[in-house]
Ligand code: KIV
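A single chain, nothing else alongside it, follows as structure tokens in the form predicted alone.
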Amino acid sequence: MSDRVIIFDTTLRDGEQAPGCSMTVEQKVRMARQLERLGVDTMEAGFAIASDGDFEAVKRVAKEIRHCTVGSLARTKKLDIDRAWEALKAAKKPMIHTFIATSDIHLEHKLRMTREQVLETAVEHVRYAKQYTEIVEFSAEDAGRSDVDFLCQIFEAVIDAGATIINVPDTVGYAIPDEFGRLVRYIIEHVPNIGKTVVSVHCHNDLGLAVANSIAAVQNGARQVETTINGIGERAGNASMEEFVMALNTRQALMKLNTNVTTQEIFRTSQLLTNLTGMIVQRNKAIVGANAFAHEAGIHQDGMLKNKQTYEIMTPESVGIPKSELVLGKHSGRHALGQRFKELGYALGKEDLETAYKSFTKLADKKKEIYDADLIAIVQDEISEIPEMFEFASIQVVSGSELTPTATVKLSKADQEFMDSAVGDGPVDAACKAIDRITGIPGRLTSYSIHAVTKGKDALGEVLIQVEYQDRSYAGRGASTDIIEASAKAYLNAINRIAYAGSKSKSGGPVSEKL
């Protein structure tokens, strides 16, 4: 038995049937070209009888794709098969995929046919499709809930009629992996002419088991798996191509199976489908989700910095993602923070890193994600080249269109804390006056500017100011997600510069009696 698994991609047919995933003809052609680059063996371009748009899409894809088998779905109806062939006839490797339900629940309630009628219909239309093309696939819809001996009977008959692929669909995602694997094995062992065909599976994800069922199927002898990019499809979707392929790739030593997929094209293909359909991939989606190669927990980041294999069983590059990402958030540790500062050009000593880490954790409690610009602002704000006589502790502001702006500021000096309040023309003015009262240095604000350091509504605001004192000008800066707090920090930064300059003056005297 071959160790290669054929990847049959049905993104353009079953995937596109999902609500909100419709694509135009041009979009389908663009997606088909990328699927060809990805290296899928077969792509089901659409359901030609479904609409003029689907017919045109199948026709365009059939003309343009040269390295993959191109197929169209068709019911066991001659009109469907004729329409499929009309769309496919320009393909280099055309395939007609015809199907009929085989479970008793479908026969009774949907088809209103007997098993004998279904078998006769299947054979007739496989034979009819065979006159058009060598590659004919027959699917037993709802095989997962069908009587297994009837499945064997109908598969044997359609193979004799010319089917080159027989497909075992778990149409409603009902099967459990062990059960589905046994079903595939039973069919292989009890269909006498099974060696003339390829056994395929088509699993849905209603119980979240589509990929697991597909893996169980190939472990039991199936050699074609029908998948979609990002797992899109009817209801909960189909088996995810990227998850199935990377499972085989990553566990190749165990399963000893491979595919022709160029895995480095996976992420690009996933992104293209998202752009074309607007169907966003969840962040924690395996392989292609935003968090798939992102690490925030400090223990994980520490392991990743020492050896990436501690927390990654595959490399991001293997699926086309440039690199892993150490996401800095409230769960990150000092090691990862120090590494990121080093990458940004800041080689912080132990004390400076500890100071930066404290500011980082406070900011991380306010923001979901910390950007590099946030870290630079922390360094510039906290790792100062001058000793700070007063350190900022907290601020509380009351303000409004009909309220007198009032600010209460708490500062610390050595082991002491000082708190005072003041009113002003606005909350920033009130905060500066409260700082004046605590420090005893009445600076005059001469320049004030603010800008967002990072993106988003929770962006870090940076305030740059100039404060005049005794005919000299001193710069100050502060950063916070709260612009009033950033303003108070910037003003205090300038006041500390004034105090430091006074302590270094020739007289050696204090700048203020209060200092």
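Counting begins at 1, following the sequence as shown. Treat the numbers as computed from the prediction; the structure is a model and nothing was measured.
FYI, the form predicted together with the named molecule isn't displayed, but the following is about it.
A.B. asks: Which of these residues, 167, 277, 146, 439, gets a heavy atom within 4.5 Å of the named molecule in the predicted complex?
C.D. replies: Checked against the cut-off, the match is 167.
A.B. asks: 273, 73, 430, 158: which sits within 4.5 Å of the named molecule in the predicted complex by any heavy atom?
C.D. replies: By the 4.5 Å criterion, the partner-contacting residue is 73.
A.B. asks: Heavy atoms within 4.5 Å of the named molecule in the predicted complex: which of the stretches 353-361, 187-195, 119-127, 133-141 has them?
C.D. replies: Flagged stretch: 133-141.
A.B. asks: Can any non-hydrogen atom of residue 267 be found within 4.5 angstroms of the named molecule in the predicted complex?
C.D. replies: Answer no; every heavy atom of residue 267 is more than 4.5 Å from the named molecule in the predicted complex.
A.B. asks: Is residue 392 close enough to touch the named molecule in the predicted complex, meaning at least one heavy atom pair within 4.5 Å?
C.D. replies: Residue-level check for residue 392: no, no contact with the named molecule.
A.B. asks: Consider residue 341 of the chain shown here, and say whether it contacts the named molecule in the predicted complex, taking contact as heavy atoms within 4.5 Å.
C.D. replies: No, residue 341 is distant from the partner.
A.B. asks: Looking in the predicted complex, any heavy atom of residue 14 within 4.5 Å of the named molecule?
C.D. replies: Yes - in the predicted complex, heavy atoms of residue 14 and the named molecule come within 4.5 Å of each other.
A.B. asks: Could you list which residues of 202-223 come within 4.5 Å of the named molecule in the predicted complex, counting heavy atoms only?
C.D. replies: The stretch touches the partner through 202, 204.
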